[in-house]
Structures are given as C-alpha cells and as structure tokens.
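Single chain ahead, written as structure tokens, the form predicted on its own.
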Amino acid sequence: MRTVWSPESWREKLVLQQPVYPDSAQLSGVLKKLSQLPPLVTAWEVDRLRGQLAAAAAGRAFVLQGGDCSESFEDCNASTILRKLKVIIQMSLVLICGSRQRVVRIGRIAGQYAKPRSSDLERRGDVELPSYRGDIINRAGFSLEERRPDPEMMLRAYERSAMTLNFVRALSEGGFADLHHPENWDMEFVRNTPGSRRYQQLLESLSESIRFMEVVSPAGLNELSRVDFFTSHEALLLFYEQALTRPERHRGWYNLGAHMTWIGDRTRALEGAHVEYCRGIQNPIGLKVGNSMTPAELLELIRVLNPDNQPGRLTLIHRFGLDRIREKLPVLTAAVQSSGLNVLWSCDPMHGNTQTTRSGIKTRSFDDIVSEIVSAFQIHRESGTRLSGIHLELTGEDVTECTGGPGNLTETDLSRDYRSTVDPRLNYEQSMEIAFLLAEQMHF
C-alpha cells in the first residue's frame, strides 16, 4: 500500500542525485521564496497537453520533444531561444507535411537546468571536487567555490525559466509562428545546404496549398497563425519541484514549473523519491526506460505512476542504444500490451549511443541515432504497438558535437565548435535530417 501523498512525501523515500547544501537555513529561505512566486504555467495548459498526448497515443498525432541536454544561464538570450524554437517549428512542419499528422511540440526548455551524474565527485589530476550538476545547483568551472551547491541558484533558474517562457509564448502566439510567413524561421548559416533546399521546396508546396485553401475557405485559416508549444524538464532537483507544486481546487496538485516532467533512468527506483514525487502530480509524466528495466519493474512503475490508467498521463521514453534495442524493447512492449495499460511510446535515440573519443570528448554518431530510430519503428510495428514520439537532445546552433550527418563531421571536427558542458547535441542540419527521416518512417 502506498502512503498518503503530499508534495514533500518524497523526503521519506530513497533520495538519489540530490546535492548536499551546506547551509540548511539558507535552503529553507530559498524554498519559501520559491513557493510564493507566481507559477510559470497554468493547470489548464497542463490539462491541454495531457489531452494532446492522449490523442498521440491513439495515433492521431506525433510528439516531438527536443532541446538542450542541459540549459545554461548564459544561453538565456533572445538569439539562442529563437533558434531553438525555429528548429523545433521547422522539424514539426516537416513531420506534419510528410506524415499528415498533427504534431505535439514539447521543448526541453525553460527549466532543464539540472543533470544527473554518474559520480558525486570529479577528479582532474590531483584535485577532486563535487561534480557539476547543472546551473540550478552549481557552476561548471573547476574550483571549490564554483562547485559548491548554492540554493540561490534555484531562484536564478526560476527567473531564467520565466524569461525564456515569456519569450517563447510571445513568439508562438504571435506572428513569428504564422505559416504565411515561414521566412521568420530562416537559419542564416544553413541557407545553401541540401537539407535547407529540401525544406524550402516543402515550404513552397505548402504555401501554394495555403493560398488555395484561403481562396475556397470564406472563414480563412486563422489556426495557421499560431502554434502550441509546451515546456518540459527532468524532475531531478526535488527541492525545486516541490516549491513549484501548487494545489488546484478540486483538481489535485500540479507542478506549475513546467507542462510535463520526466523521471530519468537513474532515478526511477520504485521506492525512490522521484517516483514518489511524480506519482502525486497531475502533469503528464515521462519515464525513461533503459537497459536495466525488466518487464515486471516496468508494469509496476506504470501502475504506480498512472493508477487510474488515464490516457495521456504516462509517456515511456525508451533509450537502449543501437546494440541493445532489438534485445530489450520487444519484451517490454509485449508486457505492456498484454497488460492493457495506457501508455505513449517515445524513442530517445541519444543516450544509449553516447561514446567517448580517444581524446576524451563525449560524442554520438548520427548513423547510430538514425539506426536506432529506424529499429524502434520496426519493432513497434512488429509488436503491434505504436511509436508515437521522439525525444532528442538538439540545438538550433551550428555546433559540432555529434559525428556524421549531412556535414559528415568527424572526430577532428568536434573541437571546432563544441559548446555543451554535459552531453552532445544534434546541430541544426542533423536535426532537420532526422525530421525528414521520421516523416518517411511514419508512412509505413
């Protein structure tokens, strides 16, 4: 039997991946301030996303979830946010035109400031310091002062999330997202690439269709002037998540710091704090499913996180890697399908394909990412289940962090413009190539 849930009941469970703050009084003061600040999202928006995810699970839409592996405070600027939104809108347009399905756009944005680490400590030479856990906790620089967990960083994360979300809302609700003006989404550094030319051809075809529809439709096509754009992040730093959890009259508790949160593969223990926290909020929840997951564990986690078997509530984000997906995914899909439990299946082809070069740089092979996506579609078709989403770490910047892709990046290219402080991301060209691949796979 599960105990009665409250926003702080997670503290009685197995707590993993949390920083140790040296000043408990300072921590309490910060959490009190956070709990009194306005919410970043509304319960109505959260409910709308849950409805759209239910439609996707039923085959009436596809989920595109993407963004930085870990946001940084310094990237809270107009140019960086604009480019993130541009690439996700462009990718979604490719999916809509190619698959003839609606797309649910969810950014890893406006709150993705914490990252789990494989070790509490990082050693460089003879110096050992606490690991960098994201800007919401400490700083990336390698000094004792920079690596000391600071609760004030939660307030900075809230402020930057609010600024980011305000700008995203203004763009997605206003003229920027208008399909009549796709020139707003132009990426100046990729205008003459094969991917951009293919995208321009798609836009020209779409523009002709829009002009025709507006001629024959007396009411016009007002819905083409805006897009829905939702936010998500990993519910990792539970102090922060608790402070932004608010009651809604007759509707339960909502995390109003994001529309959707997810539980990572490192923190999905059944009796763990993260599962305990997420089971009590009304938000859609994602659950990362890795190679150590057994069918019995997965079924129990589904029942704990979605006890009412509500469509749109739970997204299973599998992340096996190219070498393991054929072995691991079919037994899990079979178990879930035979149980009659409602879930949405999404593929994270990034995390299982991380590798380290001879020079110590973390990277991912574009070919491996593509191959895992193709395998995921095939396995779901063979299993009688449906792959309804993709979960990508990507950026709208012209970075060199993943090898291969349209630019044929090699190991020697990685140092040219490697910006991530945690995990490697797909750049713009690679992301767009993935979008065209997804559209093709969704036709089968």
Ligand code: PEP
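All residue numbers are counted from 1 along the displayed sequence. Just so we're clear, the structure is a prediction, and the values are computed from it rather than from any experiment.
In what follows, reference is made to the form predicted together with the named molecule, a form of this protein that is not presented.
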From the candidate stretches 249-257, 165-173, 148-156, 114-122, select the single one in contact with the named molecule in the predicted complex, where contact means a heavy atom within 4.5 Å.
-> 114-122
Contact label in the predicted complex: H274 to the named molecule, heavy atom within 4.5 Å | no
Hey, in the predicted complex, does E71 get a heavy atom within 4.5 angstroms of the named molecule?
-> no
Indicate whether G312 is a 4.5 Å heavy atom neighbour of the named molecule in the predicted complex.
-> no
Taking heavy atoms only, is D367 within 4.5 angstroms of the named molecule in the predicted complex?
-> no
Given that the named molecule is left out here, which of R319, R105, K328, R160 has a heavy atom within 4.5 Å of it in the predicted complex?
-> R319
Considering the named molecule in the predicted complex, which of D75, D265, D228, E297 comes within 4.5 Å of it through any heavy atom?
-> D265
Decide yes or no: are R83, D398 and E433 jointly within 4.5 Å of the named molecule in the predicted complex, with each residue judged by its heavy atoms?
-> no
Select from 268-303 the residues with a non-hydrogen atom within 4.5 Å of the named molecule in the predicted complex and write them out in sequence order.
-> K288
